[in-house]
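Here you'll find one protein chain in two forms, each presented separately as structure tokens under the names structure 1 and structure 2.
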Structure 1
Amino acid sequence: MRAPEKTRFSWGALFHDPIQLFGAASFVLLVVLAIAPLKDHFSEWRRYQQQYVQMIHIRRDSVKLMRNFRPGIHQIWIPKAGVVDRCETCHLGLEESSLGDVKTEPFGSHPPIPHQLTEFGCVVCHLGQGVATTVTGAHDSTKEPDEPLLPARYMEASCGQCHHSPLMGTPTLNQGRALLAGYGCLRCHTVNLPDGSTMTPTDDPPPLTHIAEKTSRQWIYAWLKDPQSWSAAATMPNFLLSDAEARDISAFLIANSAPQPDSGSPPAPTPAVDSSAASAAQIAAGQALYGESFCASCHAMQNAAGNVVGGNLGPELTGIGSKVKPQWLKSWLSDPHVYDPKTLMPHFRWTSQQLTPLMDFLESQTNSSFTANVHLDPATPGQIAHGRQLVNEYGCAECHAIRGVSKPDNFAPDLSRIGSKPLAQIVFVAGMAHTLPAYLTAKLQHPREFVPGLRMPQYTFTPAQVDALATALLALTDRSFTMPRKWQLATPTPSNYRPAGQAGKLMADLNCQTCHRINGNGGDIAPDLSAEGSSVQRQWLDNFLKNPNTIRPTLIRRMPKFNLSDPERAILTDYIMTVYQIPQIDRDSMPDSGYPQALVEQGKEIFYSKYACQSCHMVNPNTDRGYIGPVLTTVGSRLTAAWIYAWLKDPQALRPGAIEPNRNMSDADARALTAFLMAQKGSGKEANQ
């Protein structure tokens, strides 16, 4: 066959000549076959692997690093968790601890965490597409059902998928959860956790059942319009009410208020309550009592220097004289349970001689500008009816007890899986980043901006609080529900322990558990009392209840004096000494006094030299300056020997989380120190005051 000199390409010719056709087809096939290897050869991840090899070549441990390096696609496969992660194809140094100083991504080592990469993979915490082998595919894809990477600032959210109780290393997540519980979020929104439990609110909104006794309609109106202008720390959000709405809600609340029940014992005849008449001396005496009763442990108040100081368990008391009615204040201070049976405020047993100056002091704290511009005409029935309707619409009863208004059901969206909300379901406002964190952040800052007519109120969170809340919300993922069982950590079941009997009633009246935790239930601003009966001596406890003095010099919150009667004190002392015992301590196993002088001396020697306890404690107030731990000058009259001994051997066994270090003491050292400490009885005067 003779090839033509000059071939003009023609499809027709090609199809007629089988050899040419075969040649062309083979060529096409070759090209097609070459595409895959070529694409592979020039792929992004290969480039990263080449760069990685170049980088490790110049490092001191390059031999080891090279040995660990394997070219090709790497994959972590954890079928039970649905993890197929190829991230290590490019992130080649993740498991090389010696690459900790490498800042050029993607080659640095993973910062140390308590988990193994091979055990959990990457996307469980970082989100993104584990199977993808391109940077954008893995990091930024927003195609359904893909998730873009979780930004580093919310990283603690990932811990929260399995860890439902606070971890020491996740302060942001812990703060976010505390905010969710403390700012009423959980009163409207349900959050179910994977173990079947439900997150519970910790805030304490007051009942509005008898509100007309407490305050004026003008004050309610101004408060509704802007709670934070009354107290920056107020947890009540701003519902952005119109003037008419605030007018009608305040009208309804006053009209709907019932008289508060009688306290049983009629109040002693009141000297006319008129703050203008109160002498400066009275007010000063009241202020002194405010200090002595440690009201500031729970309540904040603006001081002379203009700083708001005090705790946040109760409402801020700046301007309280312009908020509450004198009659109400008197009744409240006499016994707060009459107005609010569930209040956290203790029933102080102030005498009427104490009450008058205390009231004078509180009433002298005024802020008249708050209601200065509020002028309300008497309410009409129409306004009251409209007010009731608004109270229903805004869900006021989710937080507050309101007569005749029941808690609405399914009032706000369930947030149990908000951390996996598909982007397609989100209506983004123009100009905002199309990511879930951006949406949550914006929603927390300007809840009404998304759709007009939304009811979610406006909070005044700081940027750090918004980040914390977003972190807590981002932890509520679909994945947290589908995780392998063994990764799921149970939420500790909250204790609802309340002491029983007569003592229980008394302790409820005093609200001991507002500050003290007992058997898992209660506050944490004062020591846990679950083992109090094993640790202290009876005489000391009785004296302490009579006249609480502080054990720790540096505490700003202290035990108030309740003016307990002798029988009341006896009931409490008996109950605490017999019921709050722990089995590890046998009070009778060691005597509380009578140790040989030599042993006491030996204890003193190691107290000051070997263990240098004086760095935190004070035994001899003239020479010791230790300031962190309890003062030990009279410890021999306060604690039992058995407790001291057990405490020295292992403090955390008696009080988990105690900061006293466990010194791994020998029995002999612990005995000698116990003898020395039990010899610190004080002059006997302090102990029996």
Structure 2
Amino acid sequence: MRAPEKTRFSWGALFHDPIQLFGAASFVLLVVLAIAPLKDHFSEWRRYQQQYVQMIHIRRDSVKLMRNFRPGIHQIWIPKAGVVDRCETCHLGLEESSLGDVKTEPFGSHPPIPHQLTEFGCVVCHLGQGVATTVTGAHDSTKEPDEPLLPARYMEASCGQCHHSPLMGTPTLNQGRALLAGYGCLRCHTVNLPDGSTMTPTDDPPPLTHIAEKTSRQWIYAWLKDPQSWSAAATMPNFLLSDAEARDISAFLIANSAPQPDSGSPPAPTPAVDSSAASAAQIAAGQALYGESFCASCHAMQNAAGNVVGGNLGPELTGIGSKVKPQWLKSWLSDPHVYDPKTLMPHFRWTSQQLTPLMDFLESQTNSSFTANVHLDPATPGQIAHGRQLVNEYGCAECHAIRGVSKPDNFAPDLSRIGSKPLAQIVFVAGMAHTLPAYLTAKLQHPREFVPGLRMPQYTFTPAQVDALATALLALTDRSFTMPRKWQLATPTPSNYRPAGQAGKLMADLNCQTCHRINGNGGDIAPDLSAEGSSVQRQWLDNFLKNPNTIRPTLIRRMPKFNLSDPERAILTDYIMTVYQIPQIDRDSMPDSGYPQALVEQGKEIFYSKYACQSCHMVNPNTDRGYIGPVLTTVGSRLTAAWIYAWLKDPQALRPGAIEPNRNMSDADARALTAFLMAQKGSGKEANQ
């Protein structure tokens, strides 16, 4: 009998009548019903629960742990966030603080966090498939729209889904957002946040409108070829231009440059001194002025040891003498706002006698090798036209103001939801892991490897910076836009406060808000001035504006000396003392001197013994070693007694985030300590020191 015939015979023997058919179907159903509970009995999650029970039975706190243990599948449902979370089915010890010493997964306790597990679940932060009850299904799936677990190195990205402002405890996320804003990323890419705000760039690209007045075509060519060869700290990326492209762009920028406006009344030139000895003396004098003006607070420069030291708020000045033309440098130092009205650099009131040695010093900082191999023929009309085309193709006007070139729209992809980019839309390079973090990391390191002809430039980010940027990008998810409203912590509305009147014009000329925040607007590298009129004494403020001294010796940045005239200082002092006051401080409520000596001595004992304030502050520089807080040797001539008293009672009430601890000081202690501090007038002869 052939096989088909045997099959028909067997089928007919078993199912030739309804009774036999019913019996066979019942048997199959019985087998299925038997397999289902058997499979559940040997399920992966049940095995983990059995191992957990075995582990806690041998612990000292086994009674408490067994009382808290619940067998079966655990589930957290957060409908407003669209989350079903069964992770705790296997991760049974998450809320048991006593299991902090357990290293065996998945039974250890969760590190302390300011959130409740039952409110947020696990997948909101860790991603993964919350409905799964197997390790592979919960952790590793990469099928759309599933999300594999977020690698631990990018964990802070989850915080960024709700927290859209800098957050204490997420340094990597904060750094990534700062890099996005400071390296030009946001000038090409748009990042809209769930609270309706848009991330804004913080970098300060110079205008190219008058570039021919500033530098040479040869320097522009070398810079375009490799910005980092001029300065390793340059934020402009490398566009990997060909020689011809750099040649034509430099030709267009020079040809398109407009004459620099007249600066008005530049300082009269001082006679040049030809002798080499005098020139060396001039350079030394200029270097001294550079230091006295604290230019290094914003600008870095290579020192004699070959180390680049200084701030990063302005461009590095190593080799500046080979970059800029002398007449432009003179105009810039006389008043930088003439060349660039939006520059962050303040207007120093240098005299002609100061300008000459300062220029000599800066012009002596040369780097002739940068353009040594650059040899350009005169530009042709065709090269200039091609340069304009390249400027448009590379989106140069996204960062720089260029005469006759409009800022392009939608030049680069929107990144508002890049953290949820579907894997099906990603072109992976051969050998790369097919995950979103791997794609973002590789794209940041080698962007041109993905798509031929891509215009994204090459950055020189360190591995730590790449991780920080990837963390910031992974925070930009679809889920961040659908989070429950109570979870969303909106970005504070930015302030556009500007001082008014004559003082406002003067403070704008000095760019005070580049460093100082006032009423919510400004920088954060110098003290907030919103309450300066309530905190300082008028005479000290006037003296400080005339010759800024060091209050915090450990800080690298210093307040520059602006060479203000007496009328200008009076305008600023009057305005600050009158306008920048806060209602909780009545500066006339306590005297600034005349405290009984007994009270001063009591305050001294409190300062040195009870609270050990000398651990952070110096009163007597001969014996105290506190370098963390401000020097208090002259605090009695600087601050008002009312401010000191209120500060001692509650520092954070006056300046949120102040590192000064709140000691819940009694009124008596605060008054005695205020008397001691107000006695510190800076003569160095006080017996109380």
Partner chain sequence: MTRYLLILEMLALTICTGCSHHAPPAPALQATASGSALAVSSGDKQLGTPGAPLPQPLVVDVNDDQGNGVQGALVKFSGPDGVRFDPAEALSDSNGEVSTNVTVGDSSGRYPVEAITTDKKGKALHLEVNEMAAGYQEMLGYQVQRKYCSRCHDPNSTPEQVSNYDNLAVAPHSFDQGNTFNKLDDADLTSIISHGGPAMNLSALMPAYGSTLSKADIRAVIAYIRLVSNPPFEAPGMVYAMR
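Only the largest set of C-alpha atoms that superpose within 1.5 Å between the two forms is called the rigid core. Structure 1 provides the reference sequence; residues are numbered from 1 along it. All of these numbers come straight from a predicted model, not from anything done at the bench.
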{"query": "Either 1 or 2, the form predicted in complex with its partner chain", "finding": "1"}
{"query": "CA of Y183, rigid core aligned, shift of 2 Å or more between structure 1 and structure 2", "finding": "no"}
{"query": "Y608: Cα shift of 2 Å or greater between structure 1 and structure 2 (core-aligned)", "finding": "yes"}
{"query": "Rigid core fit then H617 CA moved by 2 Å or more between structure 1 and structure 2", "finding": "yes"}
